[in-house]
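In structure tokens, one chain follows: the form predicted on its own.
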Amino acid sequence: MGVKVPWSEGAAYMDGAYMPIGECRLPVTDWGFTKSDVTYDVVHVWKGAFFRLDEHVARFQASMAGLRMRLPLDAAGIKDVLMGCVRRSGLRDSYVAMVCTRGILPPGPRLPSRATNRFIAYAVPWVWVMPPEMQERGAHLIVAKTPKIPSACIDPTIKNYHWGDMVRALFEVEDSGADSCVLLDLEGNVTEGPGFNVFAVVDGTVVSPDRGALEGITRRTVFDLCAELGVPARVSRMTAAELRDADEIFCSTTAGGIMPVSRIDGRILGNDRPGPVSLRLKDLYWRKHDQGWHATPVDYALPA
């Protein structure tokens, strides 16, 4: 008899049933595993409420459409399942994923449209891409030598598991002693980091790359906050040299919010601490979270 896995470690949903996260199993013949033929989205729960849940679900549905995947669940059904995962886990701060794999192809022609797509969801304890102590001093980044997979091959606006470039770049991070990295496209333009969007502050203006990156929900939030604070912001082409010469750099992600940077390729930014614009945005981001901004509360009292 196996060890019983507690729900508090996370809750999952697959093939129409809920289960503790440790009991969730994907068949090894699913194309999501064998071909990385999968899309997903991640939304967080903070102090018992989802943040921008509708927008995450809408992006997930757009990603499925882009990969010609279909589910029998509509947006309301997907949200119900995500709520069910969080309720069963009892987690107040959680990393919540929705996943669609291609599924298993029946015998016959090797055509992806013949598969029945599989929906998986899970809620696990909060995940930090950059831990709070790293954010406090500012992350140390490098510009990776490994280029980003070209957009002509993999659409970066569809969340995917094609992380061969990211993993190779993260080995560069380990070798350098840095915290994380930024990847360039084949023309030398800044794209994104492993799991986060990138921003530079140049002469008081917040700038984010206009190509090769996921159109992040937290990235969108940064622009909303900039508008509220009266800080100019735009998306535009950004070279590695422009990033290195920036006054400030910060990153954004669902799994960590707005994360300041204090070094890039060994260059110290400001006084080797997070910059003033980065801190203003970060502080406002969490303050508005606590005020219930874009929040969808989880009703933990509903029956599991």
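Note that residue numbering begins at 1 and tracks the sequence as displayed. Computed from a prediction, not measured in an experiment: that's the story for all the values here.
What follows is about the form predicted together with a small molecule, which we do not show.
Chemist: Within 4.5 Å, heavy atoms only, which of 200, 169, 184, 217 is in contact with the small molecule in the predicted bound form?
Modeler: Checked against the cut-off, the match is 217.
Chemist: Of the options 39, 252, 262, 278, which one has a non-hydrogen atom that comes within 4.5 Å of the small molecule in the predicted bound form?
Modeler: Going through each option in turn, the one that passes is 252.
Chemist: Name the stretch, out of 208-216, 68-76, 227-235, 86-94, where some heavy atom lies within 4.5 Å of the small molecule in the predicted bound form.
Modeler: Only one stretch qualifies here: 208-216.
Chemist: With the distance limit set at 4.5 angstroms and only heavy atoms considered, check whether 137, 242 and 244 all reach the small molecule in the predicted bound form.
Modeler: No, the candidate spot makes no contact with the small molecule.
Chemist: Does any part of residue 195 reach within 4.5 Å of the small molecule in the predicted bound form? Heavy atoms only, please.
Modeler: So residue 195 counts as contacting the small molecule.
Chemist: Consider residue 118 of the chain shown here, and say whether it contacts the small molecule in the predicted bound form, taking contact as heavy atoms within 4.5 Å.
Modeler: Result no; residue 118 lies far from the small molecule in the predicted bound form.
Chemist: Would residue 163 sit within 4.5 Å of the small molecule in the predicted bound form, counting heavy atoms only?
Modeler: Yes - in the predicted bound form, heavy atoms of residue 163 and the small molecule come within 4.5 Å of each other.
Chemist: Please run the contact check for residue 59 against the small molecule in the predicted bound form: heavy atoms, 4.5 angstroms, yes or no?
Modeler: Yes.
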